[in-house]
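Heads up, what comes next is one protein chain in two forms, each shown on its own as structure tokens, labelled structure 1 and structure 2.
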Structure 1
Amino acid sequence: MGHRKYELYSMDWDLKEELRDCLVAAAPYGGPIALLRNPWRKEKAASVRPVLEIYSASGMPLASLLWKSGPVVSLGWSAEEELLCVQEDGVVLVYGLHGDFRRHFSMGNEVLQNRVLDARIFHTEFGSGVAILTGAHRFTLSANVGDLKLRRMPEVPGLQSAPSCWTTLCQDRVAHILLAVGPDLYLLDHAACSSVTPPGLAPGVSSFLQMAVSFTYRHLALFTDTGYIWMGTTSLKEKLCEFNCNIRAPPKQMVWCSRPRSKERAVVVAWERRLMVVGDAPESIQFVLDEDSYLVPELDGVRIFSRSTHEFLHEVPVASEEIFKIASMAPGALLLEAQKEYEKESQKADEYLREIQELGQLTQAVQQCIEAAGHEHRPDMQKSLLRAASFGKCFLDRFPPDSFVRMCQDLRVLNAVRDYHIGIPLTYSQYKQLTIQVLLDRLVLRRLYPLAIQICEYLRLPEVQGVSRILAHWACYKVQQKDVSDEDVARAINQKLGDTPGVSYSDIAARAYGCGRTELAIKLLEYEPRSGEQVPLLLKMKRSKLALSKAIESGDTDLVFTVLLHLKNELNRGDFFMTLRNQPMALSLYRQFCKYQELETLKDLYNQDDNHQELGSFHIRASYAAEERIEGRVAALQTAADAFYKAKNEFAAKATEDQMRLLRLQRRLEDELGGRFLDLSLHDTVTTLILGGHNKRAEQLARDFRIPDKRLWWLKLTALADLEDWEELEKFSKSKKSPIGYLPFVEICMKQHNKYEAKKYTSRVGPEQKVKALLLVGDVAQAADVAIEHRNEAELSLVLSHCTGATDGATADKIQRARAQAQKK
């Protein structure tokens, strides 16, 4: 079995106590380590308060706080690197990486009553879960603490004492619990408890001492009291291998150590002073532990840390093994040799190279070197492998450069975060699994903003995903610095962020407000270019008037309305109106709103503004809509007229008074003559009177309201023609000289198809319209005469266009002759 172990960091965390006296939790992916010293065990004096300490993986202190809450049973890190502290009473306290308290939740009443006996924090694809074993030997779990849904697992029949060991499994997206009681194993899902037996388990087992599930939940290992280890699939359907280590002492920890997609299976078992790597080989690898150590399972290996060191144990990757195996003839190994010889300026370089090329394995060699470089921890090794790859590349025509370039970039990032100041010892495989986005998030979480930005810039990530996002996080952190003045914070933030795209100042401001820094929030909002974004927060901060002006700036009417309705509830009517008055746009919008929704308010608004013109219009509308009785309508109009006078709109006032007069009159007409007069226009009223034969009244009305003569003539003309009262029409035409001429008389008669009457008027039509009149009555010949007499070309053509072939042939000739004559002259 190829396993190797190398040092990640030498730890200088100056621990005062042994690890075995602490509750320990280390987050995967090179995450932080939490220690809770002096837990509530046995005889220790209760007067001493325990201390919760958080370190980076390199032992750099991140936080240290006195534990003031209740006894803690278990610690664990969530996928977001939040520390979950499970208390004996079932309350889970959540802390940030820097020891900042985030929130807390309870695991339910049943847990509270029976106390927590043991707890595990586990990770699923949905997030991080908590499983609790209570004093009543029942399990409760929540598969995702972000969306807390408690599930009480079914009872294990006949369970009298605590299980000897247990673990959480995750199968088909559902969390299960596997527990061992004496020689029996039980699997709990949300519905049932079933007894299970691992296939091929050696006989003679009377109890299970440890169990371990692999990082990906695929594999399970069981350690029995006979010193026998069973390794198989989590489904318990298949045995992979077994190993007898002949140590009966219960191990302190047992974890899987395998690499994704590798065929090798291995678990690491730790006792007090001994570490053993076992798999399907008959021999195990053994290490002596000089000091108290703690194992952290990782995706592709195991981290082991103690008071003084932090190491990584993993199965040697294939590429590395090929290259570094003693006397290896793998192409990568030869290439590495070739490059070394080349540097020594030795001809052997050429020999090695030839050897590879002859086998046609140069591409493979380069690939091997690149891959192996990724798995090396030490930069000098990485470099020499990459140098070899680069060397080999020179002899290849078409080797795509991206894999080499990408590896160089990735290693640069990895070396940067592995630095002990940063303390994130990610392997290449872990990094790829985690993705750069999550790594950046973790750097942000550690407040390592400059490094994060450098990485973004180095990798040329798009601003929105990269630099902008990090700057925004930085700004959100910055606003929490209480010792810096609002001015300085705001300025500092603006200087750094400027107009970087994708940065939302309103989000930062919201954070500032969350920290109780309203003034700062307002200052920050000033930098927000989208005024629409400013409004909701301003409202929340009760800066409604500012919100109003911002809403207006945004031009979003809906936003303006929202603020207005907010203000309306917040302020008394007077103040509200005053505010509106200073914001003409808001005022006009509000008026629109009132027009449909609150007519009375509209009136008040006009009143307050002394807008008499609109007030007048308002009352006019009321006179139509709100009032039925004539008195009411007249009264409303009177109010309107008064308003128009105040508005110095004499015309409207007079017109309104006329209307009042007309209304009263129409009412009287209805009473006296019957029929419908109300709401007719003056013109129609007069017409109706004429049609009804009340000529006198019509005359009177026209005089009273000073209908201009011209229009009155038109009116009478039309009405009389409608009545076909030709006699009256003729009388009317002779009553005095018509102000509209006599062509309309001709036209109206023709409209009623009365040519006889029409002809009566043609002689009186003025010379300018005579031709037209004659044509109307169909007297083409005479029309031609008149046109010729007028010597008017337009008239001549008009007449000509009315000449129909047969009947008017002579006339047409006549016109043509006249035309010809006119042209001669």
Structure 2
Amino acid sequence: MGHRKYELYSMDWDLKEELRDCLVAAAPYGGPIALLRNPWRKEKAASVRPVLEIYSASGMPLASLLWKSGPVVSLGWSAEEELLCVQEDGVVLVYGLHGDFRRHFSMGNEVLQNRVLDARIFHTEFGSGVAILTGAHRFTLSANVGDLKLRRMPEVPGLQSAPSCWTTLCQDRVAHILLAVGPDLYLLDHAACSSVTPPGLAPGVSSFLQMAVSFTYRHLALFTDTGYIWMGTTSLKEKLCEFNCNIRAPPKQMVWCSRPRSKERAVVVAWERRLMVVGDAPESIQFVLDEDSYLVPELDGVRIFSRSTHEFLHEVPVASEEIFKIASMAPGALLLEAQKEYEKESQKADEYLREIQELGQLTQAVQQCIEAAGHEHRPDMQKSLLRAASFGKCFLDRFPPDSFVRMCQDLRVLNAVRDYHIGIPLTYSQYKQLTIQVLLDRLVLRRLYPLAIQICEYLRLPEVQGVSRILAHWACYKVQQKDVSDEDVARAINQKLGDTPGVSYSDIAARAYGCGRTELAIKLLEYEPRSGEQVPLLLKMKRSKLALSKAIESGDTDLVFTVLLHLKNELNRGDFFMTLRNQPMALSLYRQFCKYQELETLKDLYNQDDNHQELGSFHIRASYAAEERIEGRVAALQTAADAFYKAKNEFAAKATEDQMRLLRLQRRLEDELGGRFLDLSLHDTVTTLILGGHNKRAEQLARDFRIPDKRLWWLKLTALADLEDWEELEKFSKSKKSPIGYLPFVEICMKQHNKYEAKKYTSRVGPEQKVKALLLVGDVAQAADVAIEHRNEAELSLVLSHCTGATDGATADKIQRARAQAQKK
């Protein structure tokens, strides 16, 4: 087992107290460090307020604030790098990286009543969770503080005092509590408390003093009062190894130190002045601690920081071990030596290179050097290994350059964020696990916008994922600077962002409004090209009239309707109508809406505008839609007629009055004759009377309403034909000269398939329509004679088109001869 420890930073923070006198929390993945000075467990003057300080991993101060809330039991960082402060009363306060208060939540009334003895912040695939041990020795937890669902864990039988140690486990996507009470271990899940026994545990254990879960929640380590450290799986079904460290004093901290996909298992145990790395090897690795230190478990190692230094302890990667171990003959080691000799212009370079090529391991050597470069912290060692890889590539015909180029890019990004002033000491493995998008988010969170943009441009990330997103975050931060005028902030944001794709000015304006800068938000919305994004925020800011103007400019009727309904609820009726009068398009749309939804409001609009024409039309529609009684309908029509007179539309007024007369007459006809007359048209009323045999009444109605003779004859002709009252029809035709001629009589009879009756009227049809009448009754020969007599080419063609070869051949010949004679003349 090979482990190495190297310095990340020389800490330059000004700590006034020892770490042991502070509550400490450090975020993984090279995250920030939080210290709560003067915690309540120390004896201090009541007048001295505790101070919460947040530093980068390099010791650069990020925030400092006086603690004005209740006593804090535990600190911890969420996966989003928010600081969770668990108070004694069960309230959890959440702060940002720069000390800005975000929110708070409570862990429940039971926790409030019994107070908090201890707390743990843990991470699952669902998010960051909080587990609480109360004064009643009961556990409460929430697996995700972003979606708070409290779970009270089962009671441990006979538990009268706090457990000697406890931790949270994540098994099968569910959070559990593992606790030690004397020599016994208990596992709490949502349903039950079960006693568990680690397999292969050394005898004589009377108490468990410390326990640690690996970064991935797959392995568990237990420190016993006999000095043994048991290591196994978190399921407690498999033992990995056991180590006797010969120290029975309880350690300050115990954390796992393992590399992803490594078969080696190691645990780091810290006492006041000693650090021990133990695993399945018979010997341990020990380090002397010169000062009070704190351990931070990471994905691939352990960060160790103290007042003066910040170091990283990890298992040596295979590629690095192969290259750098003493007298190594690995291909990577030989290639590194060959490159160094080449720089010295020594012929040994050729000898080393030939040795690698003879073994056929040059590709492997290049890959080893590239991989080892990724795991080196010092830039000079990275460059040396990459130069060796580049040197080896020159002697390979088809080595794909992607891995080399990608490693160069990754290391350049890593070296940039590891810089002391940035203070994010990510390893290559952590960087790959975290992803570039999350790293950019963390730079944005630290307000390191220029560096984030440089990385995006260097890696050529798509604008929407890279530069645009970061500029949007910068703009949201910019609007919070209240010492700069609204005009200057808006101008600076527009100059920087312009029309950058993927940037939403409305989102930035919403942030400005959230900060209480309404005027700035309005100025920023002027740069937003999408009205659909402008309008909702303007409504939220109670700038409804401006929102209406923007919606109308957009031409989006749905958007205009949205604003109108908002205005209707916001303003009183008078102000609302006055606003509409100044916006003709909005008024027109609102009228359309009212036609289908709010008829009374529509009437009020017409009244306010003195629009008597539309008001009359409204009352006519209302008389039929809303009124069932004849009296109510007539009254509504009278109101409509009055409105039409005011609008100087005499035609509409007279027509309305005629309709009122017709309605009254129809009611009287129903009362006297029975049957249904109401709501029939004038023509239908006449037709119904004729069909009922009430000819005189029909004629009287026609006179009353001045129905023209032609129209009356048509109505009577149609009605009598429908009744098939041919005798009455003949009498009617002879009553006086027909104003519509007699061709309609022929047509109507033929429509009723009565040729006999139709022929009665053909002789009375005028000369100009005689041919057509004869053809209707099928008398083609006579039609031909009349057409020849008239010498009308059109009529001759019409008759000829009705001739059939079999029956009308003689007629057709006759027409052709007549045509020939006409042409000779």
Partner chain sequence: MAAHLSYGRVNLNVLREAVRRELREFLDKCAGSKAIVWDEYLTGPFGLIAQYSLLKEHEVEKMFTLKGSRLPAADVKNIIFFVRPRLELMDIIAENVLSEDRRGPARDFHILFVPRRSLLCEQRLKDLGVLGSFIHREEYSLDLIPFDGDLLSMESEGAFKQVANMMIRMKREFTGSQNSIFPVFDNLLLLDRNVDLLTPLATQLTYEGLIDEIYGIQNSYVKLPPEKFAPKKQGDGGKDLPTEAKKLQLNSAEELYAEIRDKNFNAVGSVLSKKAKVISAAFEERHNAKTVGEIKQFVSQLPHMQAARGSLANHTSIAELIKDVTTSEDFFDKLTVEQEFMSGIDTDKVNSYVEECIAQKHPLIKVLRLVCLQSVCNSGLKQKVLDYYKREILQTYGYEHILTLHNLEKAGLLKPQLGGRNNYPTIRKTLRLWMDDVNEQNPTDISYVYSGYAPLSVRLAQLLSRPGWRSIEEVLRILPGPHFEERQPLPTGLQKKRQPGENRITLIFFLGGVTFAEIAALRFLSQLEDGGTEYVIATTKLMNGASWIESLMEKPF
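Heads up, when I say rigid core I mean the largest set of C-alphas that superpose within 1.5 Å between the two forms. One-based numbering along structure 1's sequence throughout. All values derive from a computational prediction rather than experimental measurement.
Shown first, as structure 1, is the form predicted together with its partner chain. Core-superposed comparison between structures 1 and 2: CA of I815 displaced by 2 Å or more. Taking the rigid core as fixed, one finds a CA shift for L691 of 2 Å or more between structures 1 and 2. After superposition on the rigid core, the Cα atom of G741 is displaced by 2 Å or more between structures 1 and 2. Shown is the Cα shift of R661 between structures 1 and 2 after rigid core superposition, which amounts to 9.5 Å.
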